[in-house]
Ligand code: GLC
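Take a look at this one chain, the form predicted on its own, written out in structure tokens.
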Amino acid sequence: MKQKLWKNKVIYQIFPRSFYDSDNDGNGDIRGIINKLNYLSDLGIDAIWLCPVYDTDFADAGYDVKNYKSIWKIFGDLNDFEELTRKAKLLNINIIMDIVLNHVSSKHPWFKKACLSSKNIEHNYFIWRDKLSKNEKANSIFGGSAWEYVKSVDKYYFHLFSKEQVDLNWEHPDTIKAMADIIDFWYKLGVRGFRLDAIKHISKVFPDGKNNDFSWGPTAVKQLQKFNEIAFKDKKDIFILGESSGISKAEAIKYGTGKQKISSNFYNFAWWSIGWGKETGRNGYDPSWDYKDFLLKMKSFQESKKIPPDLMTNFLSNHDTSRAISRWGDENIFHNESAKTLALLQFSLKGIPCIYYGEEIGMLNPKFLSKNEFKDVDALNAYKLLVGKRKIYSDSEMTKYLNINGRDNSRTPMSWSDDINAGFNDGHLPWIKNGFDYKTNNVKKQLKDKDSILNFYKKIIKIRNSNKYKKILVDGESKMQLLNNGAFKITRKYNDKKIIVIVNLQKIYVKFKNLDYGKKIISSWSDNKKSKNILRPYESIMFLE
């Protein structure tokens, strides 16, 4: 299986329901993305990763698929999608489709037939138990039991995520064929990138009840390699991005290279849990999180000779996290500087950078006022489990912590302008609340400001793509150091050429004996003040030595 290398690409992730509403019904759509292609081309990105656009009940943001070969009517139809791929291609932008491999919606025709009779062939597509032993009482990732009873067949089906997402039985040969057929379908419509969702969970052969998160089960590699062989055999121009939450360096090397390879690239989760609750994860908060973790968690990926530049995709925010600046930067006086520092940190690293929609303008968490404003199934389950059942948090604590780390924070409408609904549409109430800062923080305003976060992203992308710096920033060796003063030093080296990036991720001054590392390429502060011995709050500088 030979796959296209995208090491020099920049990916832009879109949550379609919140990007742009072209028909003013309160929901973003495919035509909305088409309308903004010139904006994305001007930004400088090379590929758009679409979160699922399939027919769905949106029980889990579209990851509950009802039909893999149709578009959710709220988003448009297949004609709209074909127009998107065609027009994107004219701008040299590829489309990456999110392929949900682990599960289908409980409304999918396969599962409906499976529930009619255990004699139907579709019944074998899923994982069933007549009775639940103690060893089989696994928990869902979203909380509660992972087993749900179906009266019509007098059995329990397995769901690792929400009960509306029924796990597929990858031990059944028809499952692989069906998933490969889905790849063919979208490939013919012009898709050249495929993100394989939750691939580490597909194997669930654990009769002893161990490994309840079902990660990298005993048949995972075998089944995924079969899938790759069938699905991608004659497709030499595609890119595969594997999603395996929390993947370690050893796992990335094991499953991305050599005999057990199942993906040419993996999404890098090194940073995503910084600030999460130690006991409660994403739905909690750890106020004692340490900025040094940005270096400590990423260092091994960066410095390993076994990890080539095309193996990992690095991100700050995505649809499963809150907004990076609200988590780790500054929402107030140093908003611009902290946003630019995080961008400079990301683009200085070895690996493919992925920008989440709105990140390029420094979008912030929207400030939800109560439980009633949250939409995410994971957040609503957190109130039931962490407030109601386990009584770890009070109702108000849960609301505060979800405002920090909850997934709804990154799913609000894109801030296009200071007009009604942030320019997301012509006035219809959006499906989820708008951000609180769109009047002062939006695309229209930042396009006019040469020192804006948006124009900083354009500059850093141009720097990465330039003939002068590309080899160093894309192919160069990477080294990360924590300096005695608390700053990070990132060194990228290619042959005899070297780029050094000094990063201050703190809201304090950081002193140096000598800050002169060479010719300044770009800085997170735009005033061009010269200093040889100090970095200001969130001040970071890229040098050519």
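Remember, it's a predicted structure, so these values are computed and weren't measured experimentally. Each residue number is its position in the shown sequence, starting from 1.
FYI, the form predicted together with the named molecule isn't displayed, but the following is about it.
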Practice task
Counting only non-hydrogen atoms, choose the one of 333-341, 170-178, 197-205, 184-192 that falls within 4.5 Å of the named molecule in the model of the complex.
Solution key: 197-205
Fill in the blank from the handout: Picking from 407, 464, 163, 249, the single residue whose non-hydrogen atoms come within 4.5 angstroms of the named molecule in the model of the complex is 407
Exercise for the section: May I ask you to choose, among 319, 327, 299, 155, the residue with a heavy atom within 4.5 Å of the named molecule in the model of the complex? Expected result: 319
Handout entry: residue 323 within 4.5 Å of the named molecule in the model of the complex, heavy atoms
Key = no
Problem - the named molecule contact at residue 142 in the model of the complex, heavy atom, 4.5 Å - result: yes
Handout entry: the named molecule contact in the model of the complex: residue 243, any heavy atom under 4.5 Å
Key = yes
Problem - residue 55: touches the named molecule in the model of the complex, heavy atom cutoff 4.5 angstroms - result: no
Exercise for the section: Can you tell me which bits of 57-79 touch the named molecule in the model of the complex, meaning any heavy atom within 4.5 Å? Expected result: 60, 63
